[in-house]
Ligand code: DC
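Okay, here we've got a single chain as structure tokens, the form predicted alone, with questions on binding and movement later.
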């Protein structure tokens, strides 16, 4: 990996499925701790946007990998591809429908995981959120959090999140889309969606964002104290 997390260079890994609250919680935890934040999902969405923009079949592993190798990506914010602001474009329905297929390409994941680890090293740690942070990207993270929530809650949140940039559709359709994405993300051969064995699993159903953030901060302080004693 080339980087070792420590109390002076902490990595907080926040994983979980779509709609579990990762992005919001990660951003607020980072703000509270004064640490940089990385949304790795935005990186896969940016690659997916570029795949669609160039007319590449998302299932064409060779073409997706070749594009990932030459992609000029700046995670921002805002997210830039080749200097172009794609912050809103990566949240469209077309990108949402294809991102799990693109993210399942093993060779493309290798390229983006390498970029994510480089980001961690350059920033001397940070709050990193995604689906394989605690298991693959930063397995030695100081704290690993895995967020879950009921399907109903996740679908409602996803509709709220995507409302500004894509048609929401009805709740049942959103639930079905989440189930499909869960199946792809959990079943892929390369770094599937899963909680690390030593991750703290937090159910965010019915819990306020502030409540989840406070619990993560409490866990962080405990992990930091434990690491400083060793």
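Residue numbers count along the first chain shown, from 1. This is a predicted model, so every value here is computed, not measured.
Another form exists, predicted in complex with 2'-deoxycytidine-5'-monophosphate (DC); not displayed. Remarks below refer to it.
J.: 50-58, 24-32, 196-204, 37-45: which one contacts 2'-deoxycytidine-5'-monophosphate (DC) in the predicted bound form at 4.5 Å, heavy atom to heavy atom?
T.: Looking at the other structure, the answer is 37-45.
J.: Can you tell me whether residue 109 touches 2'-deoxycytidine-5'-monophosphate (DC)? I mean in the predicted bound form, with a 4.5 angstroms heavy atom cut-off.
T.: Heavy-atom contact with 2'-deoxycytidine-5'-monophosphate (DC) at 4.5 Å: present for residue 109.
J.: Give a yes or no for residue 91: in the predicted bound form, does one of its heavy atoms lie within 4.5 Å of a heavy atom belonging to 2'-deoxycytidine-5'-monophosphate (DC)?
T.: It does: once 2'-deoxycytidine-5'-monophosphate (DC) is placed as it appears in the predicted bound form, residue 91 has a heavy atom within 4.5 Å of it.
J.: How about residue 158: is it within 4.5 Å of 2'-deoxycytidine-5'-monophosphate (DC) in the predicted bound form, going by heavy atoms?
T.: Yes, residue 158 lies within 4.5 Å of 2'-deoxycytidine-5'-monophosphate (DC) in the predicted bound form.
J.: Within 4.5 Å, heavy atoms only: does residue 103 come near 2'-deoxycytidine-5'-monophosphate (DC) in the predicted bound form?
T.: Taking the distances in the predicted bound form, the answer for residue 103 is yes, it comes within 4.5 Å of 2'-deoxycytidine-5'-monophosphate (DC).
J.: Which one of 149, 79, 99, 120 is close to 2'-deoxycytidine-5'-monophosphate (DC) in the predicted bound form, taking close to mean a heavy atom within 4.5 Å?
T.: In short, 99.
J.: Output the sequence-ordered list of residues from 124-147 with at least one heavy atom within 4.5 Å of 2'-deoxycytidine-5'-monophosphate (DC) in the predicted bound form.
T.: Going through 124-147 in order - heavy atoms within 4.5 Å of 2'-deoxycytidine-5'-monophosphate (DC) in the predicted bound form - the hits are 130, 131, 132, 133.
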